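The chain below stands alone and is given as structure tokens, in the form predicted on its own.
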Amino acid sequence: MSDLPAEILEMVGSVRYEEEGEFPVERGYVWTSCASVENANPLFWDDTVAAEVTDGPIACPTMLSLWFRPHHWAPGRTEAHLPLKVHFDLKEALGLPEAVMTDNEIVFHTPVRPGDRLRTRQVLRSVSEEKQTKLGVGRFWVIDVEYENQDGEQVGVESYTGFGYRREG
């Protein structure tokens, strides 16, 4: 029998925070990201190579979550826009002021292309019973962030494992 509050049990498996990215996928971001880590893969720089390998330009798969990192400011925004809101909901609802991400896995599907307008949603997959760790007493949780393009095609799923806790002493 779980000692989780009913509001948390109701969250498990339900879709939350469906949203569209604030801006379309743009090649300038791809090139800037590649340049920042000296990624010379011709797939991202050479249109001929991209056409042969992926039927045209694509964004680096590892940039998937970048398209949902909110700008610090946007016209008309009245409150902070946080990524991974389910994580912050859990911290608050469970009274766990500290948290770390302990694992992240990404599964890629349809390539993300320049001009795509991506949508995302978050799904809480599980919350553990309380655990004692070196960090303190807390709970582990798994959150999936599902991404799709404007055509409804799944482009990827990120799974995050977090640990929210209270420090001892």
Partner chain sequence: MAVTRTDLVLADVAVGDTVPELRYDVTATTVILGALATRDSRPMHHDRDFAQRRNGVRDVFMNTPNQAAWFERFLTDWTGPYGRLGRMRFRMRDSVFPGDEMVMRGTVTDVATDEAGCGWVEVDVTMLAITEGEERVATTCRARVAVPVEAGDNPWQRRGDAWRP
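In this text, all values refer to a predicted model and were calculated from it rather than measured experimentally. Residue numbers count along the first chain shown, from 1. Rigid core: the largest C-alpha set superposing within 1.5 Å between the two forms.
Quick note: we don't show the form predicted in complex with its partner chain, though the next part is all about it.
Asks: Is the gap between Ser36 and its partner chain in the predicted complex 4.5 Å or less for some heavy atom pair?
Replies: Taking the distances in the predicted complex, the answer for Ser36 is yes, it comes within 4.5 Å of its partner chain.
Asks: Quick check on Tyr17: any heavy atom within 4.5 Å of its partner chain in the predicted complex?
Replies: No, Tyr17 stays farther than 4.5 Å from its partner chain in the predicted complex.
Asks: Quick one: is Thr133 in contact with its partner chain in the predicted complex, heavy atoms, 4.5 Å cut-off?
Replies: Taking the distances in the predicted complex, the answer for Thr133 is no, it never comes within 4.5 Å of its partner chain.
Asks: Is Asp47 close enough to touch its partner chain in the predicted complex, meaning at least one heavy atom pair within 4.5 Å?
Replies: Looking in the predicted complex, residue contacts with its partner chain do not include Asp47, since no heavy atom lies within 4.5 Å.
Asks: Go through Val123, Leu118, Cys60, Val127 and name the one with a heavy atom inside 4.5 Å of its partner chain in the predicted complex.
Replies: Result of the distance check: Cys60.
Asks: May I ask you to list the residues of 38 to 57 that have any heavy atom within 4.5 angstroms of its partner chain in the predicted complex, in sequence order?
Replies: Glu38, Asn39, Asn41, Pro42, Leu43, Phe44, Val49, Glu52, Val53, Thr54, Asp55, in sequence order.
Asks: Honestly, after the rigid core fit, is Arg77 moving at least 2 Å at Cα between the shown form and the other one?
Replies: The answer is yes, as the C-alpha of Arg77 shifts between the shown form and the other one by 2 Å or more after core alignment.
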